[in-house]
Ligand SMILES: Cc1cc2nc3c(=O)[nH]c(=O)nc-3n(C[C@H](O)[C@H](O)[C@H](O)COP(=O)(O)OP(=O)(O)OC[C@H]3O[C@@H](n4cnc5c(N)ncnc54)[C@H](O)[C@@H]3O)c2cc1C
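Quick setup: one chain, the form predicted alone, written in structure tokens, and binding and motion questions come after.
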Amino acid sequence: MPETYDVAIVGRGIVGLAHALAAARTGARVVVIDREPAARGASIRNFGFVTVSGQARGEMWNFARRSRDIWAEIAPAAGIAVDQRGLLQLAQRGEGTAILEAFLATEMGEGCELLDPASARTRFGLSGFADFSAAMFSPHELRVEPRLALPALAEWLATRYGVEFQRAAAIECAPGVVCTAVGDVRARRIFICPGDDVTGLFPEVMARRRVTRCKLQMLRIAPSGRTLPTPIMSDLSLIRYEGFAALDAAAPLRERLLAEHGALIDAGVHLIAVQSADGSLVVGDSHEYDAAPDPYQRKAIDDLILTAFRETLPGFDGPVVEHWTGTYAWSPDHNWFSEEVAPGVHLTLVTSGAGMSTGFAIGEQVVAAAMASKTKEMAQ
């Protein structure tokens, strides 16, 4: 008979690794199963930007704060460099300033500061920035290089907690067993964290939850010699990130941007720019929704992203040295969900592209609830 683990996790993206960490910290014996030898999906194709300000008010904002704390705790232990901290959210138009003022009047504005252009330029040395109306500094964010952070996190989980990793395609999950292409893996609790694979395991749940996929385009721009003091977001982000966009004050900016930059809005472009250790900038992104998005990088969309970038950071412009696409699971109905799809089998999916920002807290909550349920069952 094959050995039995306490916990098996299907998927080694950030949400799967978050579940592995939460389970391992309870003393459970954990195995992570994935068809790839390392993370290959959304988790390594994004900014690596753990964003707090701008997350949807309430649960997601609280998840992001908790996840940020976990990232800050484990990064030094796992040898993961934190390349940047904080966020400068620019308001390039007066309507954007009104959004930031409304945001700061909520509980989400705790610890954040609204700065006039002169103060922001003096404090942060904003050479190479275009003119802006105001800037909000948030101290809450941090940024890691996802291509390096995910492998380092997996290695640390294996070394520190004895988490095992198996390369195999999961074909089916049933109570107590993950059936893979190379044999069965038995476990008392199973957590499925499939990332953007919405047609594999339990497709009927994905259909009921109206889960599809979002394709995005990303760019890396060669170093300009300038230093970006923090990650940067622009007016376009103020009408996309729900923590800002859901405020009543967002309507005037949305109307103005539709008139001035309708093509960017249609392509789902908003601007985030972060800086890597080598000085290059990761810039994006766009959003296209399709159950089976094509793999093609469209120059027209790259050009739209670069338009937004040059409008905001003209002094950082340079040659594009990398282009890539990413995908993540998306649903119009929720930002994430977890449900017990069979006895002892839990499916967890972040459906808003916020896995890096919220995954640790979600994994912690899901695993704790499942473990408590198991303890209650045994007591009965």
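Nothing here was measured: the structure is a model prediction, and the numbers come from that model. Position 1 is the first residue in the sequence shown; the rest follow in order.
One more form of this protein, predicted together with this ligand, exists but is not displayed; see below.
| query | So which of 185, 170, 253, 301 gets a non-hydrogen atom within 4.5 Å of this ligand in the model of the complex? | reply | None of the others qualify; the residue that does is 170.
| message | Can you tell me whether residue 35 touches this ligand? I mean in the model of the complex, with a 4.5 angstroms heavy atom cut-off. | response | Yes, residue 35 sits close enough to this ligand in the model of the complex that at least one of its heavy atoms falls within 4.5 Å.
| Might residue 347 be said to contact this ligand in the model of the complex, defining contact as any heavy atom within 4.5 Å? | Contact check for residue 347: no, nothing within 4.5 Å of this ligand in the model of the complex.
| said: Even though the partner isn't displayed, in the model of the complex is residue 313 close enough to this ligand, meaning a heavy atom within 4.5 Å? | reply: Residue 313 lies outside the contact set for this ligand.
| said: I'd like to know whether residue 193 contacts this ligand in the model of the complex, with contact meaning heavy atoms within 4.5 angstroms. | reply: Yes.
| query | With the partner removed from view, which of 314-322, 338-346, 23-31, 36-44 is the stretch that lies within 4.5 Å of this ligand in the model of the complex, judged by heavy atom distances? | reply | Selected stretch: 36-44.
| query | Since the partner is left out here, which residues of 104-140 would have a heavy atom within 4.5 Å of this ligand in the model of the complex? | reply | If the 4.5 Å heavy-atom criterion is applied to this ligand in the model of the complex, 104-140 yields nothing.
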